[in-house]
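Only one chain is given next, in structure tokens, and it is the form predicted on its own.
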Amino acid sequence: MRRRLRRRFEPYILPRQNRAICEDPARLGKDGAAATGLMSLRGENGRVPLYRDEAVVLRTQKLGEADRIVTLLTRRHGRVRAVAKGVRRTASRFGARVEPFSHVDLLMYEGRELDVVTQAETIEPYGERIASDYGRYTAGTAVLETAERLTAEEREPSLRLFLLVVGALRALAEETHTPSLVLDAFILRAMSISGYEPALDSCSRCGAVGPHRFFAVAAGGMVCAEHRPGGAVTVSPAATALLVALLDGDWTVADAGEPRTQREVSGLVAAYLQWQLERGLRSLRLVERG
């Protein structure tokens, strides 16, 4: 298990290019200060009302006649909700940059309830490529909804989850793997980060080393025949191997999985996710499987 944890994330997330965030203190006036990727203005009480961060846009909703509320997963500040003013106007300076699937560099003002986006620069416009294909679009939508649901607390940093989301969107946009496999790999790893990793190598009840033939979502993963609870399903050896491959990032094994096996795994992953979240995800019903 420890061996898998050390190498789990690198095969999935493509190497991130070294990218220094370009900061221009002159834009903020004489009080502007740039340091370690964070631009801030400090008031008399020491607060930091203005800050800069990378983010993936998870969701948007209309506000008033021309504004939108954007839900963001940021690199340093976790999940943040902010107002993007005037973005629904045709003459908006950055309206298209704060749409779902966009990986952006934002300058935001910290408000009492909602922050305010004051500047947006595109890092990667994944949305255009993802939205051009139904399979990639539905899988991407499920990635964003899962990420939002797994960040229960606002402003709680989760760098690994942020990197997983960026890696999943990149894989979907570049058509690196089958969309449903990318989604299932993302869900398994995101659940692992959040403390819900399913037991695949041993029985989730007694710890007996597998392989085992039964999977019980309520028990937390694979179970042995002796401790098999009601409702546990029989899993094929091929599906078990695919689950392990997706969690490990072994894409050689994952890509070789037959469509029937991929559908079996997708059903298990979806059931496990929704059991742990205690509520279904609307987007999962639309995802194309195998």
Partner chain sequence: MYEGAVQDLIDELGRLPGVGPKSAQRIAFHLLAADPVDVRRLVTALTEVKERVRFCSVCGNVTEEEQCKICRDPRRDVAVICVVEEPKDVVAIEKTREFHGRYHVLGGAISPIEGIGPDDLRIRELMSRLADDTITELILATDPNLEGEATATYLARLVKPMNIRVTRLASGLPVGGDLEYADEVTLGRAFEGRRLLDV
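If you're wondering where the values come from, they're calculated on a predicted model, not measured in any experiment. Residue numbers count along the first chain shown, from 1.
The form predicted in complex with the partner chain is left out here; the points below concern that form.
Here the chain stands by itself, but in the predicted complex one stretch of 88 to 96, 198 to 206, 173 to 181, 212 to 220, 88 to 96, has heavy atoms within 4.5 Å of the partner chain.
Shown alone here, Ala131 lies within 4.5 Å of the partner chain in the predicted complex, counting heavy atoms only. Within this chain, Phe162 is remote from the site of the partner chain in the predicted complex, having no heavy atom within 4.5 Å. The closest heavy atom approach of Ser192 to the partner chain in the predicted complex falls outside 4.5 Å. At the 4.5 Å threshold, heavy atoms of Leu58 reach the partner chain in the predicted complex. For the stretch 93 to 127, the set of residues having any non-hydrogen atom within 4.5 angstroms of the partner chain in the predicted complex comprises Arg93, Ala96, Arg97, Glu99, Pro100, Phe101, Glu121, Thr122, Pro125, Gly127, in sequence order.
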